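Only one chain comes next, encoded as structure tokens, the form predicted on its own.
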């Protein structure tokens, strides 16, 4: 059996590697020709992913062939699409990349093929948009049984994707029952802990609400953290003894970043707005606001630290020690730590950054300046939430 994976990014490449390691032939499609060249040469373009070096070295250019043209994936029996879905300035999903991928597959798929969407999407995307794109390009119809369509949302975490794919429960659901069975049978060949759910819509909703749960609970932790600070209470001591089997308070943060948690709530918020059910998503919207506004709280803390130094505030060197959205992951999408650094600069403060994942040139391209923490007057570690006066 030959399976195509469309999108060889931080989510798609580990999946392609795991499929190849199960003994199936994989064609990976990615628009980045240099990435394809690296993979086919056995070089891993996502070095921070544990275990991926070995898989790419073992299968790259052999059981896993990376190509930049959809035509080179023609003849596969299953197509797995795992490309980014961003939101625009109005917080609506931008389906441009996803639509291009589905139409690319639609032009090469044949009768009897299976298409599975792994990108996390708003509920009903697979049964409505994906189905329409495939039918328009292929001339085939789902209702007549000429192809199969399902959704199986990725449930990985960058840095731990290989172990997640091999151990973490994964769900899959078809647009119709036949598609669900077909997709389940194929996925069982490389996903050991697989659960079939009643529909693609349920599978979509499962992943979205998981992200919403985390966003809401992080917002609660952030709010409790601010209250504890105001009341001069050690939040971490209180959290330690408050948590038990029926209560789990998350850790506070500078906010929530990355491609997942800060994006998924908007799928439901916007859908409820379209249906004029504004009060159905109140907690989701408020949680988004709380988490995004945490950089204002930390800005105040940093300014207070600066005021303890006997220097004009505009001469004090401030170091933000880490600008990625998560420690150890080189990703800046919706990073609140990067947003904090930029906010400090907008306020006229002398802000610098230190991040071992980025070169000086990369930092300067972001419009920021690099500094060693030891050369700064005030250092803020956004991962440990510590403000230090040197």
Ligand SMILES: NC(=O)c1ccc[n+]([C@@H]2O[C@H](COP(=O)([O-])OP(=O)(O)OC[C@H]3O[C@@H](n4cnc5c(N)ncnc54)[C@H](O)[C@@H]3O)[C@@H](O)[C@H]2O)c1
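Residue numbers count along the first chain shown, from 1. These numbers come from a predicted model, not from an experiment.
Not pictured, yet referred to below: the form predicted in complex with the ligand.
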Query raised in the report: Might residue 54 be said to contact the ligand in the predicted complex, defining contact as any heavy atom within 4.5 Å?
Result: no
Query - Proximity of residue 292 to the ligand in the predicted complex, heavy atoms at 4.5 Å - result: no
Query raised in the report: Do residue 357 and the ligand share at least one heavy atom pair within 4.5 Å in the predicted complex?
Result: no
Query raised in the report: Would residue 154 count as touching the ligand in the predicted complex under a 4.5 Å heavy atom rule?
Result: yes
Query raised in the report: Heavy atom within 4.5 Å of the ligand in the predicted complex: which of 260, 256, 203, 78?
Result: 260
**Report entry** Position in contact with the ligand when the complex is considered in the predicted complex, options 251, 227, 97, 283, heavy atoms within 4.5 Å
**Finding:** 97
Query raised in the report: Honest question, do 8, 12 and 32 all end up within 4.5 Å of the ligand in the predicted complex by heavy atom distance?
Result: yes
Report summary line: Note: the ligand not shown here; in the predicted complex, the stretch from 194-202, 83-91, 241-249, 269-277 having heavy atoms within 4.5 Å of it is 83-91
Query - Sequence-ordered list of residues in 89-124 near the ligand in the predicted complex, where near means a heavy atom within 4.5 Å - result: 97, 100, 101, 119, 120
